[in-house]
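Shown here is one chain on its own, the form predicted on its own, set out as structure tokens.
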């Protein structure tokens, strides 16, 4: 199983080679992998920024705990969730579903109403947590795709959300940064290369009932 080999190869890269860039072709593959991610109800209520601009990343580095990956990696992926699951967003999804599957949109109206009713039951805090969690599903696809392409990545929560939102003007789009992932190629002097993975044993991690 190549996936297992790829997951054994990958690690959270701490030092990137600034001379190496991810190709446009590989970026398109990563974008498609994210596009195919699962999400609750299929809504995909998030947006992903792919930042290459070095000047912009210099602005983001101080509000990312001054971590070198922000500026040294080839690209920086910023996963952003929408701050609300609006009825309009759900209607848009229902219309897209009908068009994609060649269905009468009226046949799906009940499903749309069901989604709206379930989300209306959530508190504001719970809804925010739900929206944010969707981006982590997409992040997982990015990490797996990177591993297959032998592109290094480092998922990171160590950044100031409010500062990212301000610098990237996310609030104007109804978005908030959730999690980030610099991608590129490991530097041979990264001190974490080759460190054994620390994971719970299968016996401790799983119970079969």
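All figures in this text were calculated on a predicted structure; none of them were measured in a lab. Numbering follows the first chain given and starts at 1.
Quick note: we don't show the form predicted together with a small molecule, though the next part is all about it.
With the small molecule omitted here, the record of contacts in the predicted complex names 150-158 of 24-32, 166-174, 53-61, 150-158, defined by a heavy atom within 4.5 Å. Not displayed here, the small molecule is approached by residue 10 to within 4.5 Å at the level of heavy atoms in the predicted complex. Interface residue remark: residue 136 is counted as part of the site for the small molecule in the predicted complex, having a heavy atom within 4.5 Å. Contact between residue 67 and the small molecule in the predicted complex is found at the 4.5 Å heavy atom cutoff. Residue 14 belongs to the set of residues with a heavy atom inside 4.5 Å of the small molecule in the predicted complex.
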